[in-house]
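Okay, so here's just one chain, in structure tokens, the form predicted on its own.
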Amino acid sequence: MIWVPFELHTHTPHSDGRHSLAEMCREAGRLGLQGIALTDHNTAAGLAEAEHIQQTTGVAVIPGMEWTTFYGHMLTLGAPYTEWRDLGPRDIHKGIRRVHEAGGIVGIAHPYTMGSPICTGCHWEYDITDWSDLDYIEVWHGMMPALRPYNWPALQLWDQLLNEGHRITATAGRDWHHSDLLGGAPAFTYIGLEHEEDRFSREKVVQAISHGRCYLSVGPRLHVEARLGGRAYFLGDCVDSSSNIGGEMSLRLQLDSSTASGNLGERVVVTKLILESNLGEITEIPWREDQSEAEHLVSIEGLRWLRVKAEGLMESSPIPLAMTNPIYVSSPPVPEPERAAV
């Protein structure tokens, strides 16, 4: 598996972005990105030139939109234009169904940013009655997203949903309107694909995000692999614990921070990895600057999901640098009650 960096939240002059799709793709290539999702506000008009631009720049362009309404902003990926104008605050599920039927997925954009009068509709206010309909949540939004206070409740919401048993993917989104690096560095969403050329496949990118096969990072590249019972599991997979109740799974953690400086000229040093789960923080693993790999054993007793967070220094300031989506653990089977003898 390879990890392909994407920017999943972008705008061109077809809505309120400053640079054309061609200019954005050229800048994306300079930053080391291999793909973007074009998510203009309420229009897919910019996609008319996407095929030509991705051929000339080598940067994949995945179709999308940002439904921009009075009740919230919802991102669609992998679907053509889908109607949103007849949706009231209590029937967002009707709109979600339209996107799914068109082969796409949906995610909440910046759910806790300030709404009116600062940004009308930016704060999510739609009534979600079934969270399993949602495919992803943009938990890291904007530049230096891990440090922005409005992203903290988004992360708490994601944790709550994971603890309730939902399998919802977390993504990062720069909300790219221009290429000024005001406010620091963006985080990219690294998507796990079998082959590098798969980035041009709308279906394979959408499937990977829907499965949770991605991590968020401002630079360091993470690879997490779990092993139990002779099988290997990756981000988004569900570990089958039925034959090893109360046992331990082996984690192989690989990290490459050398790519961080290539994109944005930032100096990044990872100092520790943190294992987080439904049971809380499991452990901290100190990380040396010259280290690239570690092995760790984790008890699966009571474990339902597990993710890895990398923390360290950027320009000498402490900051969360990367975070994976979870590896899930299946619940052990509930034993049948013994029947009373007749």
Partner chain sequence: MKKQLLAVEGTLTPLSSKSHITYSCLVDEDPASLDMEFRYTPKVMEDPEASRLLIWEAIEKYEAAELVELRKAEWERYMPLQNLLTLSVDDPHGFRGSAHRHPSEQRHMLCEQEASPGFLAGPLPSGIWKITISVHCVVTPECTYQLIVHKGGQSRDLGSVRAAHAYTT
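Numbering follows the first chain given and starts at 1. Just so it is clear, the model here is predicted, and its values are computed rather than measured.
The same protein also exists as the form predicted together with the partner chain; that form is not shown, yet it is the one meant from here on.
Look at 43-51, 278-286, 292-300, 312-320: in the predicted bound form, residues with non-hydrogen atoms within 4.5 angstroms of the partner chain sit in 43-51. In the predicted bound form, the partner chain sits beyond 4.5 Å of every heavy atom of Ala102.
At a distance threshold of 4.5 angstroms between non-hydrogen atoms, Arg167 is out of contact with the partner chain in the predicted bound form.
The closest heavy atom approach of Gly184 to the partner chain in the predicted bound form falls outside 4.5 Å.
Not displayed here, the partner chain is kept clear of Ala232 by more than 4.5 Å at the level of heavy atoms in the predicted bound form.
Relative to the partner chain in the predicted bound form, residues Tyr136, Phe200 and Arg221 are all farther than 4.5 Å at every heavy atom. This chain lacks the partner; the member of Thr120, Gln254, Ser242, Thr129 within 4.5 angstroms of the partner chain in the predicted bound form by a non-hydrogen atom is Thr120. Exactly one listed residue, out of Arg267, Lys272, His195, Arg85, brings a non-hydrogen atom to within 4.5 Å of the partner chain in the predicted bound form: Arg85. Residues Arg18, Ser20 are the members of 18-32 with a non-hydrogen atom no more than 4.5 angstroms from the partner chain in the predicted bound form.
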